[in-house]
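In structure tokens, the next block holds one chain alone, the form predicted on its own.
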Amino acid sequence: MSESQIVIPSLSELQTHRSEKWRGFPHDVLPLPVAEMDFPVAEPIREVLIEMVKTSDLGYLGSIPELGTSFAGFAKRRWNWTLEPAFVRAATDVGVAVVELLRVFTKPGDRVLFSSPIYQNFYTWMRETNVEMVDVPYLIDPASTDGTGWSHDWSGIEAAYKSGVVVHLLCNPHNPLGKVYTHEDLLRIAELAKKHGVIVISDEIHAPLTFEEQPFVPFLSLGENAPEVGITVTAASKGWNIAGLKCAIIVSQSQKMHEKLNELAPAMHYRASLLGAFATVAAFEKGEPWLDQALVILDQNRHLVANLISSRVPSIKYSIPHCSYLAWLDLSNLNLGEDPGAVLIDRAKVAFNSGHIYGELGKSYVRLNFATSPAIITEAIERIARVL
């Protein structure tokens, strides 16, 4: 496969895949929920995996300074973010990283802030660590300045900080709303966190997959306050579709925070995958040509979804996301009840993520994964149109 051309497999070939996305539903259902891409793996990643398998290099993960240097290089080229490679740590995945960080910074019963609708596993991570969940939901705002239809509740966030919140879990770029926090948004959060002694854990896993209209700003790149209060958790898994290889990274920006993170369980590093760690290095060092081509396809697909909805099911409301490959569809006008996703599986044989799993405000929504072929996207919308 040329790095300048990504050829998406046919539906029949995809149906032979072993991942949850393709095994989670009956054969007659088009599966568009799980956040993974139907794109062939980037050649540099494929090469390192094949080499390691051929040479039986399949042991435990040990020292890997390349993880820090490769991410630092990528962050500098992509976002002009200068970071210390030695402040990059390995973890099994973003979920494990967040759980372990919560164990360092909180004790059971401590208050942790988030804003719903939010990626459903945020709830899982907070339940696992027995913290008190403090939800300051986004505001439904058709006139939002970024066009996503959702705005931050700044007064609610500040009130939560004043109430004794210990940690703020941030999802930026946002899943499922498709928002990318602005420089001003992040500065405001950093200032509030510094003022009230709150730790900000920023999940930036979708950061490589942002589009031009709203550039991504790493939280830790913001200067004085953010490095004092912030930690970034991210991975190559979304950007290069390698979630099954199990490797994420935790990044700090100040010496004091780096030393605090020495309290993380030492075994966390070794629970990451050897294959995943070196695939991650390959992604950050050599995977940008593939990533750029993937973004071209995703850009086309996010607009294809808009065009298909406009022409075939105009009662669905959809704001084009500024990041990743997740369309957040408002089906409230279709009168399909509190779980429209379940209705569409039954009637249209198309599977999405039901919006209620992201929080109370998501009940009339579904999340559609458009990281697939135009043919599959078109068939999914046509199936919906035929049954309504």
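On a predicted model such as this, the values are computed, not experimentally measured, just so you know. Residue numbers here begin at 1 and follow the sequence given.
Below: the form predicted in complex with a small molecule, not depicted.
Undergrad: So if I measure heavy atom distances to the small molecule in the predicted bound form, which of the stretches 199-207, 270-278, 284-292, 80-88 falls within 4.5 Å?
TA: Contact-bearing stretch, as computed: 199-207.
Undergrad: Given that the small molecule is not shown alongside this chain, does residue 156 nevertheless sit within 4.5 Å of it in the predicted bound form, heavy atom to heavy atom?
TA: Looking in the predicted bound form, residue contacts with the small molecule do not include residue 156, since no heavy atom lies within 4.5 Å.
Undergrad: Closest heavy atom of residue 125 to the small molecule in the predicted bound form, within 4.5 Å or not?
TA: Heavy-atom contact with the small molecule at 4.5 Å: present for residue 125.
Undergrad: Can you check whether residue 238 is within 4.5 Å of the small molecule in the predicted bound form, heavy atom basis?
TA: Yes, residue 238 lies within 4.5 Å of the small molecule in the predicted bound form.
Undergrad: Wondering, does residue 175 line up within 4.5 Å of the small molecule in the predicted bound form on heavy atoms?
TA: Contact with the small molecule, yes.
Undergrad: Which residue among 35, 323, 350, 327 has a heavy atom within 4.5 angstroms of the small molecule in the predicted bound form?
TA: The option sitting close enough to the partner is 35.
Undergrad: Within 4.5 Å, heavy atoms only, which of 220, 190, 171, 113 is in contact with the small molecule in the predicted bound form?
TA: Flagged contact: 171.
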